[in-house]
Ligand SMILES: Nc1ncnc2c1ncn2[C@@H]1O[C@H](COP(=O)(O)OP(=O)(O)O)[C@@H](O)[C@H]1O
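We begin with a single chain expressed as structure tokens, specifically the form predicted on its own.
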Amino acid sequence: MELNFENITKSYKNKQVLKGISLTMGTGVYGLLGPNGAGKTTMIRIMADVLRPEKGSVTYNGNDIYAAGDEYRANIGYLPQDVSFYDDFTGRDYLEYSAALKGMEKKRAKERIGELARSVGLSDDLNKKCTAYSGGMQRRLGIAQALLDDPKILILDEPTSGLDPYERIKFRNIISAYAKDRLVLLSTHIVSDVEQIAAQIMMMEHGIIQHVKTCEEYIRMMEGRVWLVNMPAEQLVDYQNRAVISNVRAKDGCMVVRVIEDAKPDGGAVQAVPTLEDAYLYLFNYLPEKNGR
């Protein structure tokens, strides 16, 4: 399986949102990380054939997806960032309606709805109105919808928004089990959502894919750049205006500050083991006035 973006550009009014995106994806889980406004949602809406680019092409196994039309879309499971529900729909109504739109046979749809309801923890809630669901329950219902017809390409935009930590772990387990022999693109700004399950992680900013690496490669990139510095609380306010800080905790009347810096900071700093979140902050939030960046 191969999905290929070639020089994709897209603008809204006078603002160019995507600036020549070129990449190739195969089977496995791909993470798409970036701050709000990076262009992530626009990129995945193009991938889902919900939006057309101004320039460039998208091909699936060598075939143009726009020429393929319904044949391509039949391979797609898509969870948008915002999911809307009819006021009178129950969870079961929503999934049955989605299954009908996907052309699923009724018996198979019923079986699949039961399977997925158990997987996402909604078996006891399918007969409740969708509008009575909590935000996390609506998100889980949307995930079930995206998985209904066992798509070859699964596109998830901020899928864990509104989920508690336990639900996020459960979601990651579902995706890990599902991803074998399939392509999964998970777009998020929550680093932990992709840290454990993505084979490749794309970092996106200002409409450009800036980096494509494995989690291990990002972590190696940060070796010697993450430090722990002890300081009094009153010093922290000024310090955070001139340094990238990924974490702060109190210990023995002092603040232990996790600092991302190319050179060893003053104040008896010691090196810390880097994480993917450190790399994310370094690449997107590193102070531009420092080190010529």
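A quick note: this is a predicted structure, and the numbers were derived from the prediction, not measured. Start at 1 and count along the sequence shown; that's the residue number.
Keep in mind the form predicted in complex with the ligand is missing from the figure; the text below concerns it.
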* Structure fact -> Among Ser192, Gln81, Gln200, Ser176, just one has a heavy atom within 4.5 Å of the ligand in the model of the complex, namely Gln81
* Structure fact -> If we test each of Gly56, Pro35, Gly28, Pro265 for a heavy atom within 4.5 Å of the ligand in the model of the complex, the one that passes is Pro35
* Asked: With the partner left out of view, is Val17 within 4.5 angstroms of the ligand in the model of the complex by any non-hydrogen atom?
  -> yes
* Structure fact -> Only one of 251-259, 64-72, 227-235, 38-46 sits within 4.5 Å of the ligand in the model of the complex by heavy atom distance, namely 38-46
